[in-house]
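Shown below, as structure tokens, is a lone chain in the form predicted on its own; questions about how it binds or moves come after it.
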Amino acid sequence: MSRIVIVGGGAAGLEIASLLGRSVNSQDEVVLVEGETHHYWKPRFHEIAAGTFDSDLDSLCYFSHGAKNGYMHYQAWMTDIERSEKQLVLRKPNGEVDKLAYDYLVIAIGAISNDFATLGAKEHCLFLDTPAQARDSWHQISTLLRSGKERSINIVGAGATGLELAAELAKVSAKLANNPYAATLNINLIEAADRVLPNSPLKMSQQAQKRLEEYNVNILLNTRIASVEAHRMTTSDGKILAADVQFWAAGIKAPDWLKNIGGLQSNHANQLIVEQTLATTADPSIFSLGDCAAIPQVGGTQVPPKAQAANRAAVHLAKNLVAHLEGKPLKPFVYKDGGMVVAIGHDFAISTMMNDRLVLKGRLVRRLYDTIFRLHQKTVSGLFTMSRLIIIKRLKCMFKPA
């Protein structure tokens, strides 16, 4: 009997747990360690923060889902690894410390925003790294919308997360424009680079900026934040940007506590260094993937921090581990980039394809964005459940009150 423990219930972690739970022999055990009770797809955290997320249909309970898909949910957070004993040190929600033995360990905790040690950012900004943070953001935004005055929001970082959040909040504000008791939101999207989506093709950045400007989002490029205080930010050239609510969505890194955990190798961004098989360089029984792992590719490149990369790595590792339990060798993970999709509101998205040579936009591309989420649902719950959820979602949209 082997026990496979997966730490992290994000997209990659849940997909591995679900695939393994349905594939391993009955004598093997799959355990998912995650402090949250419910799963939310991280690329949609901005919808939770803006109050437009459908938690009834687009989230799932780990405990009940695990019972149906062959894994056990252990509600806790990992704090350390005792490699010599092959066990995890865990903190339960009530604060108690526990230990959990493993034969194979998969670390898939994702990444968090990188505030680059900016003075006051941690204390005075909201982040969208966890479901709890996204829910807390909505509580503050909801209060702000009910204030009935003109309000300002600062969002630092015009990558995918910051851009999608700005667009979602702008659409919510526009929808409430005829409500005399609702606040009008003035949204500042702040980016240190010379364009939004700075790591994307230029044409994609231009199309995204054009759409944001149509939503009356104030875009501040070539603007670096030097410090953050309550309700205000100061730029590197001394300009003051006042705001009622402030978000930080710039850069990513693995959590600080992951660095060299259990003696495992990590890089400057706290990511665990792994082989191309996704096994860590220091311990062949410990694996890592997603944004918390530095995954090498042929030619010296690394797998980019994208949802599609985490999904493909999860599927690959699940198959690899099943084969490994049968005595077969691990195969290397080879990533092929399928492009990028960024949602700008609920009826528009921009996508790159064919190695960034083709840029598409519009309502149909927004459906492609939804399809990526549905494929995630298919991986974790199966085709029948995914199809049923799509039908229920459409019926709900047709019959819900305006």
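Model, not experiment: these values are computed from the prediction. The first residue of the sequence shown is number 1, and the count goes up from there.
From this point on, the text means the form predicted together with a small molecule, which you will not see here.
In the predicted complex, the small molecule lies within 4.5 Å of some heavy atom of Gly35. When the small molecule is considered in the predicted complex, Trp77 lines it closely, a heavy atom lying within 4.5 Å. The closest non-hydrogen atom of Val341 lies within 4.5 Å of the small molecule in the predicted complex. In the predicted complex, the small molecule sits beyond 4.5 Å of every heavy atom of Lys86. A single residue from the set Leu212, Leu325, Leu264, Ala307 has any heavy atom within 4.5 angstroms of the small molecule in the predicted complex; that residue is Ala307. Among Ile109, Val196, Ala313, Val217, the residue placing a heavy atom within 4.5 Å of the small molecule in the predicted complex is Ile109. Using a 4.5 Å heavy atom cutoff, none of Trp138, Ala167 and Asp244 lies near the small molecule in the predicted complex. Comment: 77-85 is the region of 188-196, 96-104, 77-85, 234-242 lying near the small molecule in the predicted complex, near meaning a non-hydrogen atom within 4.5 Å.
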